[in-house]
Structures are given as C-alpha cells and as structure tokens.
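The data below hold one chain only, encoded as structure tokens and taken in the form predicted alone.
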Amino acid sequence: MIDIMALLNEIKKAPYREITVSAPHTGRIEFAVKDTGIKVDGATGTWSERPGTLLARLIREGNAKPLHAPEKGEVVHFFDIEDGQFVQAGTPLLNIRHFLTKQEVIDIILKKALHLFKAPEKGRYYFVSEIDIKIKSQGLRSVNIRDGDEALILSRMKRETIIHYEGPDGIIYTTYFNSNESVEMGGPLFGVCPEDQVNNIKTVIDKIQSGWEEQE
C-alpha cells in the first residue's frame, strides 16, 4: 500500500495539470484569447451543452470552427504561432493550467491507493445479482470481495459472460462504470481497498474535503 499522506503532499506541490490545446484540423488560426493570465471556463450544463470560453477560430475554406476551452483554468503559455498563420492538424496552440478540485484530488488519490479492477474486454458491465442487491440495500462499501469471486457480468454482442475478480481481498470502495455505457478494454471498473487501510483512506479524504482550497 502506498503512503497516501505522502501522495497528497506531493500533489500539493503542484496542485494543477496543464492542458495543451491543439488544432483539430488544418486552417488559418485566429486567436480570441491573446494574452497569458486570462481565466477561462470549460463546458457547463448537465450534458456540457454550453461550450467553454472561446479560445480561437480555425478558418478553412471560408468556414470558421471555434475552439473552446476544455477545462476551467488560466492560459499560461502560447506556442510560437502567429495570429492568422496557417497551421496543420495537431499543431499545439496554447496551454491552460487547470487547478485541481477537491473531487479531482480525491480521484487521483483513490486511483493510486486502491487496487483497480479493469475491464478485460470492451463492453457494458454490471454487478452480479448478489453484489448488486447488497450495494442497493447497504451501500457500496458493504461488499467484501476475494480473489476468484464472481463480480460482474459482461454484456457484449448479445452474449453475457460472468467476470471473476482478480486481485487482493478487500472491500469495493468505489466504482468507475455505468451499466448503461460501454467501457473500453483496460478501463477501470471498480477499486478495492484492503480492510485495514479503509480508515487511512478516510482520514486523507476527510482532510481534503475540509482543507483543500479550490481556485476561483
């Protein structure tokens, strides 16, 4: 088991991630945001139907394709691209520094600290009946799981396959899948925590919830 508190302290040293915005196709670039230090917003709405801050437009054959900020943050760097220059698809344009939210920090901690059971194949997954009933009646972290237990049902191409859990014994601490959506092969399905580490993880998460300062 990793040192969870040490991991949190490491994240605090650089509590952000930088996102490179690149040209999605060829065209002539027209920047809407032209200075570093500008605060931008990502898409909002239940289905992200409201686009983020307009960063630039790509003009191609008289058509302008807008490029919006993918995340909330601050523009910190422009690459050596002049306004009006023709760029190729994939050309990096600028960097946005996105400061981590409480939930994002918790997600990072859990993905490092837990044993992630990953999808062996692409498809839709749902828990076997015994686990599903227990989760619905007692909550997610009421389920103890052992190596070799029947855990999930994989639904793919009109066939269903029982998936056995492989990994250390523990409790199912969090899930990463929705039974209505397909999971790519190798994508995380759920995270398992050894019983003797549950309190340690809870302590760190409580610390994040109470003390992590989110950037405006």
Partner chain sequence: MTEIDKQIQDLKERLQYIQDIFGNRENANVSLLGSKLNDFVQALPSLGPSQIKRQLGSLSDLFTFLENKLEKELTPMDRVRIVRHPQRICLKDILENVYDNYTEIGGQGEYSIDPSMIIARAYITRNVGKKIYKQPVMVIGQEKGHGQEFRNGGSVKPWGNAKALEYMKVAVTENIPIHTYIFTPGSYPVEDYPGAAQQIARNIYAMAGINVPVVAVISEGGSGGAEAIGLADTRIMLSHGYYSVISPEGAAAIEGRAKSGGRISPELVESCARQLRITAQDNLKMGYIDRILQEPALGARPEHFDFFKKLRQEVILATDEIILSVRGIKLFRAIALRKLNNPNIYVRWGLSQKSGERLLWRRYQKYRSLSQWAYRDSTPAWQKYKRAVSETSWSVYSFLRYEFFGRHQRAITHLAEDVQGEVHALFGRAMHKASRLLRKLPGVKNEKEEVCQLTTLSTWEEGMSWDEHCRYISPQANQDRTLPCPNTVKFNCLDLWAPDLFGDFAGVCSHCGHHFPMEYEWYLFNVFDPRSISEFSPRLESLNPLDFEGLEHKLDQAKKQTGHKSGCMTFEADIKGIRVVVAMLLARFRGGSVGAAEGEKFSRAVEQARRKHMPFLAYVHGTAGIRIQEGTNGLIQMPRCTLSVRRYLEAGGLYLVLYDTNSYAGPVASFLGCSPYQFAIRSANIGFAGPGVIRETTGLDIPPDYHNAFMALSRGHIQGIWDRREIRNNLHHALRTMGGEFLYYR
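Positions refer to the first chain, counted from 1. Not measured: the values here are computed from a predicted model.
There is also a form predicted together with its partner chain; it is not shown, and the following applies to it.
- Stretch 57-65 is the answer when you ask which of 174-182, 32-40, 161-169, 57-65 has residues with heavy atoms within 4.5 Å of its partner chain in the model of the complex.
- With a 4.5 Å cutoff on heavy atoms, D147 does not count as touching its partner chain in the model of the complex; it lies far away.
- Interface residues of 38-56, taken as those with a heavy atom within 4.5 Å of its partner chain in the model of the complex (partner not displayed): T46, W47, E49, in sequence order.
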